[in-house]
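Provided below as structure tokens are two forms of one protein chain, presented individually as structure 1 and structure 2.
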Structure 1
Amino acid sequence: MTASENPFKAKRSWTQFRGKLGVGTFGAATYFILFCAVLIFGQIAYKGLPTFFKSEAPYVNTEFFTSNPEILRVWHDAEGNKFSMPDKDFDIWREKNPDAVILDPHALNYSAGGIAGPLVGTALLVFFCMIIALSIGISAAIYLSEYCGKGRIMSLIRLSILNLAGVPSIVFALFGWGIFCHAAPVIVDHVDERSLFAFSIGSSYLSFQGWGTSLLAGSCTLAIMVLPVIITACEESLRAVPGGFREASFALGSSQWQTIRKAVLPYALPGILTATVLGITRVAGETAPIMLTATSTDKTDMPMQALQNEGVWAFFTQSVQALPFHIYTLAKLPDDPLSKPMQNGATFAFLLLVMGFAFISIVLRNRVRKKLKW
């Protein structure tokens, strides 16, 4: 054996090469998934970002975020040049130039204006949905983790809640549509023919005829859909609080409610916050439930105006525009390059919104895990 030969040098063998190849394949699979995600994200961002910006001051396309979707009018002039203008501007222009030659005029729906209405509608839906879902969900989670024991019935119920988290959203949509839109109680003076059941109180009737396509129906449907997620996540965060906290509190003579209030909840709050953001992410991105129960496409006013003009009940029973549904409507438009800015811009705005919430939830979850190491 010469001095330069290293007896412990690893031998290059066929097995080793195969090993590297195998690991490489798996790595390739992983990075391929991430690559597809980056590609899709990048593509949507690349096409949608121009819609956010203008070439003149103030450089951000505020019109896009503050006006409702409008019709875009397109026409040719005598030389074959193409012109396009939002509907309202077109009427003004028409009045100013009555002699202008307009050939082959046609209208593209939703291709002008902005996404203000859908944004506000989505915000309202998510807000009311989370109010309902959190109040029921957190209370239920507190009950399940603090008050009731580990009996068989309770574990069965927990299992069923977990299973219901996996039911398709369209099933919840159907349910909400059938119950809240067509069979929910409302006080009316004149009972609709399709009412399920009605009895009179005083001069009006309490009729189970549903709220129709409304903000309330949409919020309730979304709340029911997100309830299993919230209950499970909140229960998990309550369980993560060590039992010693509760025991110490009991040992000092406090009642159960005092214990929960002072020794458990404050430490479970970060986890509950994470659960909220998780819920918001899930709810903001859902289309099917609100498609069936809350949205309509031809709305010109903002939802707040109904509150000023007609009152609280009218506010809750109005149908709203919603961003996911708006994107679905945009997808059904005929293929025309003039519609593309609006399509891509709305998609990117929505993607940013939902992924923003998702990012916050991931960051919160990591912070909670890091901080709370009892």
Structure 2
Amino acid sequence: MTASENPFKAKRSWTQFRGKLGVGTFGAATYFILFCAVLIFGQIAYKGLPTFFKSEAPYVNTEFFTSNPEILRVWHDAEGNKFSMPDKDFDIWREKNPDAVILDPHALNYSAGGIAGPLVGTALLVFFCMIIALSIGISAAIYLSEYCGKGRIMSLIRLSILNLAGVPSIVFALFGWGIFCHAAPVIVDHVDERSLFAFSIGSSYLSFQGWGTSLLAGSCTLAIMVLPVIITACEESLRAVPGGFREASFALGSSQWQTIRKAVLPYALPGILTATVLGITRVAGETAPIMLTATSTDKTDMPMQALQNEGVWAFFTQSVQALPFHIYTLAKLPDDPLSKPMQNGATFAFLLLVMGFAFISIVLRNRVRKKLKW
């Protein structure tokens, strides 16, 4: 060793090189995923934002958010000029111009109007789905975590729940279509021909004929689909609460339910809200379950109209529109530039809706975490 050489200087070795190579590989993979996400979301925003705004005052395209989808009528005149307008405006224009020459007329379904119906329908499906799924999921998680042991049967039940989380959504869709749409019980005055069987209850009948394609059937199907994720996440958050909390509660004379309600659930709430985020992001983008159990393409009324005119049961048993199915319908249209604004705007609005639900859940989770100190 020479006099000028520093004895404390770190020497390069193959181990250090492999460490730096590993860190670089992990970092590159992370930033590549972020780059892909930014690229995808940026492209959706770039194509969808022009539909949200217009060149003249008030600059915000309020009609896009307040009107239902309509048919777009497209035609040419004798000089070859191309015209297009919504179906309602086309009928008015046709009455005012009976002698106008219309050549090559064709229609683009749901390429005009707005997304008010699909937007409200998606929000209702997610809202009622999460109410059902959280009620059942948290109850099941409490039972598995606090009341059950670790025997072979319970391990088999937990394994079954984990396996259900990987079942394709189309399987849940067919299950919901068969059970909720065609076999669920309902009280009616007259038994329908499609009823599996019925029981007489006074002047009415309990008929197993299903709820049909409806908001209730779609919400229950989505709830069953997301239950495995919610049960697993909630059980893990309940198990993460220190056992000393339970022991201290028992030492003060509390019952097991009082201990769960006062000493366990409040501290597991952030994890439960995390499960809510996972559930929302899972169900909000599903197309197959709502396509078979909840949606109708020809519906023009808003869901709240049934509640005002026919009552609560009619509200839950009506079909609704939904943004995922609306986007799917638009994607099957012929490749026409006139349908692109609706396609891009609906996709961007759907992305914002899912992000909005997730953001609300994350904010609530963070606020709860700040209040809990343990």
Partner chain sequence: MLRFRLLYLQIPAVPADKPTNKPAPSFKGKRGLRLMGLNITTDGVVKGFFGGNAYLAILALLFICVFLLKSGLGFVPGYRVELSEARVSGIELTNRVRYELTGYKALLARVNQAFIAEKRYLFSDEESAIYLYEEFEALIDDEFEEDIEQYVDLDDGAEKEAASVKLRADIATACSTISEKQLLLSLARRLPDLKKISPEARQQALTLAQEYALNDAETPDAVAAISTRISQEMGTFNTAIQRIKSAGKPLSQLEATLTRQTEETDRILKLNRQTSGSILALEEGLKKAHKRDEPSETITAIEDRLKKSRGSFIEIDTEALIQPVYQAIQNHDLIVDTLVSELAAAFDTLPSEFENKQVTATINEARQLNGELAVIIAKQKENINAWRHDKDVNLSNALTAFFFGSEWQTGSPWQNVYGLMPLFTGSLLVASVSLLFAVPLAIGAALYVNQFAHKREAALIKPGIEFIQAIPSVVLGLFGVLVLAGLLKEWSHSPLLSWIPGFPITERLNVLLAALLLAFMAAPTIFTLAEDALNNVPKAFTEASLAMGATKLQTAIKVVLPASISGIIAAIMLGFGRVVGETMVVLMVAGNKAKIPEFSEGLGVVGQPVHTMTSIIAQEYGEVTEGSLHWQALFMVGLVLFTISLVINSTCQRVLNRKTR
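Between two forms, the rigid core is defined as the largest C-alpha subset superposing within 1.5 Å. These numbers were taken from a predicted model, which means no experiment stands behind them. Residue indices: 1-based, along structure 1.
Undergrad: Structure 1 or 2, which would you say is the form predicted together with its partner chain?
TA: The chain shown as structure 1 is the form predicted together with its partner chain.
Undergrad: For P105, does the CA position differ by 2 Å or more between the two structures when the superposition is done on the rigid core?
TA: Yes, because once the rigid core is superposed, the C-alpha of P105 moves 2 Å or more between the two structures.
Undergrad: Quick one: once the rigid core is lined up, does A78 have its C-alpha move by 2 Å or more between the two structures?
TA: The answer is yes; the displacement is at least 2 Å.
Undergrad: Is the shift of I153 between the two structures large enough to count as movement, that is, does its C-alpha move by 2 Å or more after the core is superposed?
TA: No; I153 is a residue whose C-alpha shifts by less than 2 Å between the two structures when the cores are overlaid.
Undergrad: Provide the displacement, in Å, of the CA of K96 between the two structures, taking the core as the superposition reference.
TA: C-alpha displacement of K96 between the two structures: 4.8 Å.
Undergrad: Superpose on the rigid core and then read off how far the CA of V354 has moved between the two structures, in Å.
TA: V354 is displaced by 2.5 Å at its C-alpha.
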